[in-house]
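Take a look at this one chain, the form predicted alone, written out in structure tokens.
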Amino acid sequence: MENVVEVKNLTHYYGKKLVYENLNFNIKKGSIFGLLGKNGTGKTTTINILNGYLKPTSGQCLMFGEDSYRLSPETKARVGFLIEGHIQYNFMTIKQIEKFYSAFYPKWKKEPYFELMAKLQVTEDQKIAKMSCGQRSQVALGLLLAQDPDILILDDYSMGLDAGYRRLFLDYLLEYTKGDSKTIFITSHIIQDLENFLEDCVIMDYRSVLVSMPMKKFQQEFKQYRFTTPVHNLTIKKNEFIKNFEIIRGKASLFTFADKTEVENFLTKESIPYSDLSQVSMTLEDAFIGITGKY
């Protein structure tokens, strides 16, 4: 399948501070891709490099086969980008901002925009500055959909939105991806919203990548085990086998891609006394915290 985005050995510094080193991933045409990680792991930096706003320290980032730092106007017109904060020209009315944006995009389709505005039950002369944060987010989404881009890049779309508006946002994004091989690249701090939404993901840690795989595979293969131990101050260091470990008053939680037998063998080999070992089901948010840690 054709790759819309290719990130190759991307390394970036801010001054002497390393953000990450040798980051690699591809985004397939027609897929829904999530770049996940805690604050400060480089998600927005990656999106800024992808859009050509930053030049990476080293490595290469391609969009539709072009170097992202030198995108042609034709390629830029194929990209819809939502930054944190959603919308800038809030002094305009709903009708004025649609007319303003339409002049810049040759494939402009106003119907998706006004369809979404009708759902908000607002008039065309409604000023955006007088709308709620959730309503402004839908204005931003409507403007993006009207551009008819081949890839949507959404940097923390969920900022300031309640559950209803977040769900509406994702529902419209799913409709957008149906047909025409549209692609979505998304980051968000509300991990649970993306559980049945993402197809592929990269989960970042500070300076490194923890996971790069299809979302369903990650949720199926990443596991949490709990057990009881009399060693209340037990410590298990993270490694290729143990992705995370915590213990509270003798109740231990261990996160790994291994099966139960492998965990039993590990605990026995390390002479760790245990009982009541069992696998615990996890939501996507549980798994995300399990792989990245709580702090």
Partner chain sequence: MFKALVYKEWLKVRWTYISLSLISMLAILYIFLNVSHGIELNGSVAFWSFVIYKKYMFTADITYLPFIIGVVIALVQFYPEINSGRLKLTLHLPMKENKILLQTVLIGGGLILFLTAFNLLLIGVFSASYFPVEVAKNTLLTLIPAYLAGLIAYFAVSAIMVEPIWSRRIPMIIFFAGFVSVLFGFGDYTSTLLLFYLITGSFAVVTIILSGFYFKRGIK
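Just so you know, these numbers come straight off a predicted model, no measurement behind them. Positions refer to the first chain, counted from 1.
What comes next is about the form predicted together with its partner chain, which does not appear here.
Contact with its partner chain, judged by heavy atoms within 4.5 Å in the predicted bound form, is confined among 66-74, 34-42, 239-247, 265-273 to 66-74.
Residue 55 is the only one of 29, 226, 260, 55 with a heavy atom lying within 4.5 Å of its partner chain in the predicted bound form. 99 is the sole member of 99, 110, 167, 189 with a non-hydrogen atom lying within 4.5 angstroms of its partner chain in the predicted bound form.
The closest heavy atom approach of residue 114 to its partner chain in the predicted bound form falls outside 4.5 Å. Although the partner is absent from this view, residue 92 contacts its partner chain in the predicted bound form, with a non-hydrogen atom inside 4.5 angstroms. The closest heavy atom approach of residue 206 to its partner chain in the predicted bound form falls outside 4.5 Å.
Of the heavy atoms in residue 176, none are within 4.5 Å of its partner chain in the predicted bound form. Within 4.5 Å of its partner chain in the predicted bound form, a heavy atom is found for all three of 48, 81 and 103.
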